[in-house]
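Encoded as structure tokens, the following chain is the form predicted alone, with no partner shown.
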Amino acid sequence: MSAINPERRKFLGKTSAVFAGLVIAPGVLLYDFAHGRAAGEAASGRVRWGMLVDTGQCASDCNDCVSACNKENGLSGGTSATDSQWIRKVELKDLRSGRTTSLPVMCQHCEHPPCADVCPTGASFRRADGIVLVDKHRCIGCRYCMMACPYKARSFVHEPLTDQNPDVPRGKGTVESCTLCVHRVDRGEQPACVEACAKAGRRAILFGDIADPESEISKRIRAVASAQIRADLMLNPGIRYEGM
């Protein structure tokens, strides 16, 4: 387990001032500047945010969702072992038919997240509305959560960060992953990847409340055959894939 380095102490000192007075716990907002919510107001357990990805509309040569994620969250866009990747495009091939399928893979926002189970400090947690997050103040960089994640969806920040999006606090020596753009969701907006996909005319990603039977995403899930990645693990991910 690595010790906290001077750069990380500097990050924690700066962000502590920004988030002074904020109590972070499962079900409580990590980003309290969200419009329409009082600071510290709990996320509702009556909601579960999720996505349905139509792989039939996801083209192998399109990376708009990845680019939008990188821009929104201040990621470098690099793909080396030391670069953070919150979404990556994956190509699947059916060996019997030869058919290939392209799909984005990110944190699957499990109902039973193994990353939270193994975290020794409680830094990895699931909000009441189903969004899985990392509390940067509690993360000690042990990376147990990275080993526990069956989707390989988490990254470790190796280098100092500059010019960050103030809506998306990040820090050297901590683990991070897709947040479903929680800062946008809490303002009533769509995640950046969903918005970018729609602007490109593909509309391959549908975002919404999968706990609401009357929501568009719930109706779609009932109407089409969809699958979860590694459903056999019984983690009940919030991300579903149509045509996979």
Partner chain sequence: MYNKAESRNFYALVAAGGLIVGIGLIAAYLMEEHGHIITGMNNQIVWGMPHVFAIFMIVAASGVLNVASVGSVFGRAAYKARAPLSGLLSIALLAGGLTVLMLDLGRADRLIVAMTHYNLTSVFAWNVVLYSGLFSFVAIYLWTMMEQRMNPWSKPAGFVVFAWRIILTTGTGLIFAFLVARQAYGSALLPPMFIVASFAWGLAVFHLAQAAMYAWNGKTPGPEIMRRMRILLGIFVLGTLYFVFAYHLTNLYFAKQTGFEQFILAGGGIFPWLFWAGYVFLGSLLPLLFLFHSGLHKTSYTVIASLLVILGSFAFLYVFIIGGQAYPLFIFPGYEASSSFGDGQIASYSPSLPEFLLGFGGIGVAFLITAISARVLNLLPHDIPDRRKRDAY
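The structure displayed is predicted, hence computed values, not measured ones. Residue numbers count along the first chain shown, from 1.
Absent from the display: the form predicted together with the partner chain. The rest refers to it.
Only one segment in the set 209-217, 171-179, 193-201, 46-54 has any non-hydrogen atom within 4.5 angstroms of the partner chain in the predicted complex, and it is 171-179. In the predicted complex, every residue of the candidate spot (Q85, K89 and R154) has a heavy atom lying within 4.5 Å of the partner chain.
Residue contact with the partner chain in the predicted complex: I221 places no heavy atom within 4.5 Å of it.
Contact check for H158: a non-hydrogen atom falls within 4.5 Å of the partner chain in the predicted complex.
None of the heavy atoms of A227 is located within 4.5 Å of the partner chain in the predicted complex. The partner chain is not shown here, but in the predicted complex it comes within 4.5 Å of a heavy atom of D117. Scanning 129-148 for heavy atoms within 4.5 Å of the partner chain in the predicted complex gives K136, H137, R138, C139, I140, G141, C142, R143, Y144, M146, M147, A148 in sequence order.
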